[in-house]
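Here you get one chain, nothing else, as structure tokens; it is the form predicted on its own.
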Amino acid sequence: MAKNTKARHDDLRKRLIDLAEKTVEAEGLSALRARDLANKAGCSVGAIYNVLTDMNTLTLHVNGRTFKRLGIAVAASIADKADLPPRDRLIALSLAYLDFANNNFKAWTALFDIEMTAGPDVPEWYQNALNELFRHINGPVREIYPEMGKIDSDLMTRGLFSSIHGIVLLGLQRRISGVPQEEMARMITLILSNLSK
């Protein structure tokens, strides 16, 4: 009996995550509401909280899937480019990031719209997905700046990510401080091409 209950809970959890993922991809994180989700899943609102701690946990699971897809896209962009100079690999990574954000805008923005700060409350699997993204950037950074210590290269990695992320976010949101979308790839390439010691 307990085994059947667990199987039902696992099935409901998966269905809820699937439905939430579709909602976020189509309408954005703000459209994710427990009552709507319960109606789509054919369950009560209370049943959601029987299988997931809260809506934030549900969002983390959706974002975890998005991070995985982002990681695959970024890794694929440099899979056959090991022989290229590190700046060229950083450009390839960054343009893949731009493409992913542009093609998955609502799911991508959900990665950063969730209220969560670094600390013990961040699930390990979620932090690992973010660390994997940074790892792709850190390799070329350490090649460009071989004399740089780990702490500084980690800071440089996060600094480059923040810069590219800012360019992408401001551009895709068409903010006045951003660069027009048709210039974003050129701006990213220009900045990374001019990295120097």
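All residue numbers refer to positions in the sequence shown, first residue = 1. Everything quoted here is computed from the prediction, not taken from an experiment.
We do not show the form predicted in complex with the DNA, though everything after this point is about it.
Q: Going by heavy atom distances of 4.5 angstroms or less, which of 40, 158, 33, 135 would be at the interface with the DNA in the predicted complex?
A: Of 40, 158, 33, 135, the residue with a heavy atom within 4.5 Å of the DNA in the predicted complex is 33.
Q: Would residue 146 count as a contact of the DNA in the predicted complex, using a 4.5 angstroms cut-off between non-hydrogen atoms?
A: No.
Q: Closest heavy atom of residue 15 to the DNA in the predicted complex, within 4.5 Å or not?
A: Residue 15: no, not in contact with the DNA in the predicted complex.
Q: Check residue 152 for me: does it contact the DNA in the predicted complex (non-hydrogen atoms, 4.5 angstroms)?
A: Contact check for residue 152: no, nothing within 4.5 Å of the DNA in the predicted complex.
Q: Is there a heavy atom of residue 196 no more than 4.5 Å from a heavy atom of the DNA in the predicted complex?
A: Result no; residue 196 lies far from the DNA in the predicted complex.
Q: Among 65-73, 158-166, 124-132, 51-59, which stretch has residues with heavy atoms no more than 4.5 Å from the DNA in the predicted complex?
A: The contacting stretch here is 51-59.
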